[in-house]
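Presented below, as structure tokens, is a lone chain in the form predicted on its own.
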């Protein structure tokens, strides 16, 4: 589980633990220069470990950068030694920043695209060889976004990355089907997480009526709860979804219909 220090990542880790899985939890554990809100900390990642273990499951907890292949490979190797073969992969790590497309700095573009898209690919790059070698099949869940299925103003780099995650999912689903490894995308809308509730996000929505309207919920709620997205993760990873692959699954309270 990447991006596991808090928010959706922690929620997914706990939901999978309740379903009987041991968990590998990783997070960057520090802030990024161009990301205008505080990211998950090492202490928060350790709290995820504590909560998973309180559910009676084992948890390997490691700080790691999803943009660094060697770091991800080292975490996967340690997981195989301590917990056994990886069978479920959740590429959840992601960040956002804001600005008109023509005013984004190169650094903003790179940090968002590398974290959201390259990070998802490197997570798969590090885990898939072992999953194939293990011969037991498996499930990969990539976190995209409502922004992976439509355009939004004010964060084109995030939209581009999340659209890219969909393309990655579709290609992986085709490539890995002979190995009984299923690959799917989740598309949350607004979720009650530190990113969604941050002053930076709320300020952007207040300043951009189009984005604010398009990110609203059709159902009479303000935000989706992380646990609702986690329920979809658990279902996709379960035998109940054993023939589900190559799917983009919105968990967005109707955001994409607005």
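Numbering follows the first chain given and starts at 1. Remember, it's a predicted structure, so these values are computed and weren't measured experimentally.
Beyond what is shown, the protein has a form predicted together with a small molecule; the following relates to that form.
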For the three residues 154, 204 and 255, verify that every one has a non-hydrogen atom within 4.5 Å of the small molecule in the predicted complex; reply yes or no. no
Is it the case that residue 95, even though its partner is missing from this view, gets within 4.5 Å of the small molecule in the predicted complex, heavy atoms only? yes
Find out whether any non-hydrogen atom of residue 193 is located within 4.5 angstroms of the small molecule in the predicted complex, and reply yes or no. yes
Would you classify residue 28 as touching the small molecule in the predicted complex, given a 4.5 Å non-hydrogen atom cut-off? yes
Answer yes if any heavy atom of residue 138 is within 4.5 Å of a heavy atom of the small molecule in the predicted complex; otherwise answer no. no
Want to guess which of 154 to 162, 128 to 136, 177 to 185, 97 to 105 is within 4.5 Å of the small molecule in the predicted complex, heavy atoms only? 154 to 162
